[in-house]
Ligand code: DGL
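Starting off, we have a lone chain in the form predicted on its own, written out as structure tokens.
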């Protein structure tokens, strides 16, 4: 019984290439207020969207080792680029040491369970190049037409605070104006930065397209898995921890926007 109790009291580790994954962390905290979270943003190497697959796997392995050393029972890969190319590597390499959750599968499940006919996907270059969303959607829902597009300007635009204004409207209009996106039933926001512009995207489509992001669906997936494994924490005894690999004041200022409340970033030089 002691071992089970100790395992329940372990932390949930969450990582991203930067601070976009804080949108997922916030959703998990709201869904599971008793859980202690340890967040790691690899700000020294952001963005992952234009890195090689080998580099992303290396970063993900190193970060996961850091989180495991912090006594984590689960690691959430709150980055679509890393989820796309490193998830299976992490599961295989750290087999039996922790549960791993990616942000791709919950979002795919949400889309395919609904049974949409025409599904759009916007994400980083790495995520789109991997074809992971298209392949997973087609496996579960063969009738679906999947239209994917890399939107590399969106993440840095959001991090610099250029959203809900003329600049973001122009960039969104340019990206989403392609003819393939004219008759969508749903659009998947396959980057953890994009929830911050979800309302703008919904407005672009005049609220006639279902716009899905990974925040709540991932949080629900985490909750379900922890419950199945009897690993839900009965009580949180300390404040959440937030680490970055390269600290700047601007990251801390922006982190508040992504997480939805004031947080204190600490530097963890794991490289």
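Positions refer to the first chain, counted from 1. What you are looking at is a predicted structure, and each value in this text was computed from that prediction instead of being measured.
The next section is about a form of this same protein that is not shown, the form predicted together with this ligand.
Segments offered: 40-48, 241-249, 199-207, 62-70. Contacting this ligand in the model of the complex at heavy atom distances within 4.5 Å is 40-48. Only one of the listed residues (119, 172, 155, 90) places a non-hydrogen atom within 4.5 angstroms of this ligand in the model of the complex, and that residue is 155. Contact annotation: residue 191 falls within 4.5 Å of this ligand in the model of the complex, judged by heavy atom distances.
This ligand in the model of the complex comes within 4.5 Å of no heavy atom belonging to residue 148. Using a 4.5 Å cutoff between non-hydrogen atoms, residue 102 does not count as a contact of this ligand in the model of the complex. Contacts between stretch 236-259 and this ligand, counted in the model of the complex as any heavy atom lying within 4.5 Å, involve no residue at all.
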